[in-house]
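Below you'll find only one chain, the form predicted on its own, shown as structure tokens.
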Amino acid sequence: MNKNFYVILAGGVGAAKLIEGLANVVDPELLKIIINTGDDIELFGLKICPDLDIITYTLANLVDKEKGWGFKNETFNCLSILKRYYNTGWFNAGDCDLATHIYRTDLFKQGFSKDEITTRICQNLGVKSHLIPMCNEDVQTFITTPSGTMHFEEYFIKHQCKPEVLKIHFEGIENSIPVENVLKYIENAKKIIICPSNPIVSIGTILQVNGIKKALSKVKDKTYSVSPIIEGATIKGPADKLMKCIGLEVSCIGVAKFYQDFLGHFIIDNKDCILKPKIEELGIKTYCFDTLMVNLRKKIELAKFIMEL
């Protein structure tokens, strides 16, 4: 197997930003991106894979960069009518986005796997990188709050991550199997890069797929991650609430401890550089850099920094 490729573990907008930078630094065809599918949901009778779509649209240069998801210049005519029929109109699916969901659902009905469908969508949208769902099996994330249990997407979008998190459950994860060749890719990659995604429900879900965490622990020296936490706060999303729920300190130290079994190198923000010695006590080589990717230049600078380490 050619070892001149990179494995990326990814989920959500933070991952898409770093991946955009990486695709400007190395040949996009060298990126094998394992993507969280624990956020997948069925709405309007359609199979929806939010993280797969965010990264696909980003690499296809179709994403709405202001929002970080969906198509740019999107319209919502179909959704406006769907809201009359369903009580799930809180999910902001635009007209172009719905076309992807319709196509994916049709291919599922024809018997194609999630991996095969992802490949077809990428080919049709001109994406050169190899996007790989974390597994073909159905896994869905549920969040228990004081008012009840709900799908993660409902918690994230409808409730805007406001309720306290009492429990996190990955339904179906016990039956998950890595997509074919994923463990070989981890073993043979030039570098493995864990994106600054939510460590609990983006990266953490991938880590719970049977065999993936064990495979990563065998290649610790070539595994790199960027902290999604800066000065004790998340850039976006509920990582802080989810980390608290499982007893983790909300800091880059907390993330490092969560990844300690398999992480060899950790990039933290310059603002957290005072914490570098404590992370290195965990046996993780730690580097300080400006990790806030506010524009394409910053995304590329961070990607270059990682590649040059």
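Throughout, we count residues from 1 along the sequence that is shown. As the structure is a computational prediction, the values presented were derived from the model and not from experiment.
One more form of this protein exists, namely the form predicted together with a small molecule; it is left out here, but the text below deals with it.
**Student:** State the residue from I33, L263, I279, I54 whose non-hydrogen atoms include one within 4.5 Å of the small molecule in the model of the complex.
**Tutor:** Filtering the options by heavy-atom distance leaves I54.
**Student:** May I ask you to choose, among S225, T141, T100, N198, the residue with a heavy atom within 4.5 Å of the small molecule in the model of the complex?
**Tutor:** If I apply the 4.5 Å criterion carefully, the residue I get is N198.
**Student:** Since the chain is shown here on its own, which stretch among 169 to 177, 226 to 234, 183 to 191, 74 to 82 would lie within 4.5 Å of the small molecule in the model of the complex, judged by heavy atoms?
**Tutor:** Selected stretch: 226 to 234.
**Student:** Taking any heavy atom pair closer than or equal to 4.5 Å as contact, tell me whether L292 reaches the small molecule in the model of the complex.
**Tutor:** Yes.
**Student:** Does any part of I132 reach within 4.5 Å of the small molecule in the model of the complex? Heavy atoms only, please.
**Tutor:** Because no heavy atom of I132 falls inside 4.5 Å of the small molecule in the model of the complex, the answer is no.
**Student:** Is there a heavy atom of V209 no more than 4.5 Å from a heavy atom of the small molecule in the model of the complex?
**Tutor:** Close contact is absent here: in the model of the complex, V209 is far from the small molecule, nothing within 4.5 Å, heavy atoms only.
**Student:** In the model of the complex, does V13 come within 4.5 Å of the small molecule, counting heavy atoms only?
**Tutor:** Heavy-atom contact with the small molecule at 4.5 Å: present for V13.
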